[in-house]
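Both blocks below hold the same protein chain, though in two forms, and each is given as structure tokens: structure 1 and structure 2.
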Structure 1
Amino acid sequence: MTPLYAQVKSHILDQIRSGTLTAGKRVPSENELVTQFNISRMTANRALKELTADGFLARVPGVGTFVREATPRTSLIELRNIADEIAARGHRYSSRIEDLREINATPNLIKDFEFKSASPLFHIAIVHEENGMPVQFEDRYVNPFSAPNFLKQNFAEQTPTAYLLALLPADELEHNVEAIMPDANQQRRLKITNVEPCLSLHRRTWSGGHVVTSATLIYPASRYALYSRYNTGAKPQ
């Protein structure tokens, strides 16, 4: 026989999946579940606690328990404009530019861009926000040879990704993903605490045989997810 707490979990999940309980909507309290299902408070607590741990609910002390919105995610395979992803969810996109200037390439950047010697680069640091909440910190370097007018663009109106995709076709991509603990500057920019883990996606993009851009994208782990799906070419079994 299915345990009582599991029956309560299944009931709440069915309501979420059917759309009866939508994101942000309050779910019955422990006391209400006790009355509705004739169960103990401990059983009701376990059901809500496990649904919260599974990412379906968010519990706000002193306020109640609410259906949690699905964690946004971005593709590891495609070059996607984050502003378009946010708009597709029906949410409001905004950004904060923290740095936009020309710099001299460091030894690591010389290696990243496959330069033979020191060379200038363009740099932008920008925070992308969804409904006013920071969801990505973008730290990007751009090859002036490939995008000479990069610094003249209005990145309050279009993202760096949107500009570069419209300017040049991407011939090759390289991705490196790490789980990190953010430094003080990343915490400040993303408005997170020093115990919030992040996903770091380092991406290099080539066009016409040249490295066009090297970007590090930092996502708070609780606000975004990375995914990929592709055809391996294997024959169906």
Structure 2
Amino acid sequence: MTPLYAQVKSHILDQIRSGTLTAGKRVPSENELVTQFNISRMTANRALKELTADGFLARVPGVGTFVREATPRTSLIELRNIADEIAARGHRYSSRIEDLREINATPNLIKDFEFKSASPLFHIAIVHEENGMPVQFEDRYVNPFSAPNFLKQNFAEQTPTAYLLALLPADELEHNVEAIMPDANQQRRLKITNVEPCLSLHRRTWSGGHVVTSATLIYPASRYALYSRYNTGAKPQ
């Protein structure tokens, strides 16, 4: 049984995703949600407060709660599923798998995965699309000891990130960001016509002390920015 506040959150998120509620629109007030869902105001308050903390809504005391501008940003801190992000913007997600097989680790990959000797690895190359437009090229290697059934998954249904996160909780992350000029191969995959700089995000993910996966994600700069925000826990004033 999902909690009431979560049901209200889903309901509002669905409306944002479906386009019923667009950026700037006013969402129902707490009291309106009370009568609409037959819940208490504190429950409605929790739903709206959490959606605000998640960055979907903005609240103005004395005025109302509004849908925030959808910023095509991806979080550096959290691991987010790109399919969900695109859906949250009310857009259509699709993907094109360009490679999916077992390979032998190169010396660099052995180092990446902290292996002591040569080992097989799973590899996937996949292009993520938003409304048919490529927005991310994912080049990922996976530890076969951590996810032995990786190759058998249907990645048209579920992204590699979603599958791996459901299988193994990520307890440590490493990110490395660079600005690059895409090579001919990457340009073709991302359907870049005029040459533009891209963000290259290299991410390693640990679970239980082992490197589970190592991925290079390439974003065309004009279509994506990486975003992170957090509380440092420093003394408030």
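Reference numbering: structure 1, starting with residue 1. In this text, rigid core is short for the largest set of C-alphas that superpose within 1.5 Å between two forms. Just so it is clear, the structure is predicted and the values come from calculations on it, not from any experiment.
Please identify the form predicted together with the DNA: structure 1 or structure 2? Comparing the pair, one sees that structure 2 is the form predicted together with the DNA and the remaining one is not.
Taking the rigid core as the superposition reference, indicate whether the CA of residue 182 shifts 2 angstroms or more between the two structures. The answer is no; the displacement is under 2 Å.
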